[in-house]
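Just one chain is shown here, as structure tokens, and it is the form predicted alone.
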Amino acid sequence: MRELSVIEAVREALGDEMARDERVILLGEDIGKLGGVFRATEGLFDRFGAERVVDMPMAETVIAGVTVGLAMRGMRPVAEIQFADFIHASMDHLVGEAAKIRWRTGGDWSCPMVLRTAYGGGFRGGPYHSQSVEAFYAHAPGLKVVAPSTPADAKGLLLAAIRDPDPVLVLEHKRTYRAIRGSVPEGDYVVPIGKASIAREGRDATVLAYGMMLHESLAAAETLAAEGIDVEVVDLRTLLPLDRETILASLAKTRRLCVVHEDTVTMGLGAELCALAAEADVLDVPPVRVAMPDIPGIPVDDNLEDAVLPNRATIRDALVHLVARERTRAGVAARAYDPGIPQASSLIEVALSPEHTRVALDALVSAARAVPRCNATFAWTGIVEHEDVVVDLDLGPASPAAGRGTITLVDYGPDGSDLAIPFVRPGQTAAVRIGAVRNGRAYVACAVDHRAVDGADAGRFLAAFKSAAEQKRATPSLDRRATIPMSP
């Protein structure tokens, strides 16, 4: 593994594939002796000559048209449009012809071409060198659209695109070219088109992002981790076709969605992603979008450009509000109750001292690990058993539960009732309530989502809780692998 920048990975992919396949030819403005405006083709003209690294006129329509023709004649052309802002001149060839060739010929013809272009703001390029154009082209069936965020993906996706039998648009965020460095495998490899990746695992919310916004989202997620909010970040990598399986699996776990992109908000890719989540019915609260406002272009003024582009601060704020909205819904037991959950309950008597909360927490973690079905999330697509135990600790009105854990413990102390059945919170399969301790003993009730947990498992869970609580009663030692979120 070497460390390369994104632009070095792109250049290496082009050179490697030209050496491997003599059908690969490069076309674009100033890509020859100059090596391209971003130097993506630097050195390739001297290495492969003018017949394979072709300087084209400043006419994007011509570049795209010649590329379509070369692809249909058996070549593997890779065209460069200097800036995504200029790609619209080639739209008729790309969308009207290349994307439709296989379909309208019944599979008799294909168009194995690649169009590379640099997109995105933050580069001080003003309104004509900073556009994000993905929504226009992700709307075209027959076309594939990829947007790598890392050097390894920049090389692997470009190689996959060149070898693909159909047209592929490769969007390279210009800010990542030299700002983002990372490990790149040695030798030949491809990153499959149509497959997203989990850039950061989390439990509280899912962020869908790509390009430079992936890195801003990761930075926001790290900041939030210190605040007790655990965010999962999904790198889409391919925008058409979307990896629905990976997206929905993440949302089934977190139940909250934040989409981040630089493109304007109305009719952007985020709208499709929100629709996907809504149709799959995997969200507990409405999704949020962090995007550029609906303005015609990136401002020329540097301060205005910074103001309109999403960044790690605006992403963080959106996520805080998203998770807080869920906490508000699930923070109070009465509001957390979901009448759609078919509850069942069991009861056991446990020897406890009046100062038993930490012992009970430790016992709850032990029981959840012994019966992982009680530390899970039910969805119609399956039951997800969680690796870690995150306890929603409800100590009464003065300390409401956070509402984002994997299991709930309710304990109102000596002022509580001797016996009460807790509500199972949305996204969990079990809740435990400890009654008031009388004469060194208390009734412990467990409610379960009966769709996921049967009576036998509930009994095993309570037996494990009783055993752990009575064993740990004398020497409590809270399991450090458990997270206990508490609202102020």
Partner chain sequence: MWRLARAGRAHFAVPCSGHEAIGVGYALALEPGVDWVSPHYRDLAALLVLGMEPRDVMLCFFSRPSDPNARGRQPYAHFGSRRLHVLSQQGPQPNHCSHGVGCAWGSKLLGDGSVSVIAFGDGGAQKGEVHESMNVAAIHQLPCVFVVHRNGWTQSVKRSDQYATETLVARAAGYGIPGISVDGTDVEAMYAAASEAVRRARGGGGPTLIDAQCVRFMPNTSNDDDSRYRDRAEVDALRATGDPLVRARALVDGAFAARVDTENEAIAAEAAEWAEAQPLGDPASVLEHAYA
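Residue numbers count along the first chain shown, from 1. Only a predicted model underlies this, so the values are computations on that prediction, with no experimental measurement involved.
Note that the form predicted in complex with its partner chain isn't included here; everything after this is about it.
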| query | finding |
| --- | --- |
| Option from 109 to 117, 349 to 357, 287 to 295, 210 to 218 whose residues, in the predicted bound form, bring a heavy atom within 4.5 Å of its partner chain | 109 to 117 |
| Heavy atom of each of Ile25, Pro57 and Pro167 within 4.5 Å of its partner chain in the predicted bound form | yes |
| 4.5 Å heavy atom contact, His261 and its partner chain in the predicted bound form | no |
| Contact test in the predicted bound form: Gly65 vs its partner chain, heavy atoms, 4.5 Å | yes |
| Contact label in the predicted bound form: Arg102 to its partner chain, heavy atom within 4.5 Å | yes |
| Asp92, heavy atom within 4.5 angstroms of its partner chain in the predicted bound form | yes |
| Arg373, Arg175, Lys144, Arg203 - the one with a heavy atom within 4.5 Å of its partner chain in the predicted bound form | Lys144 |
| Leu395, Met72, Ala278, Ala179 - the one with a heavy atom within 4.5 Å of its partner chain in the predicted bound form | Met72 |
| Heavy atom within 4.5 Å of its partner chain in the predicted bound form - qualifying residues of 238 to 273 | Pro241, Arg244 |
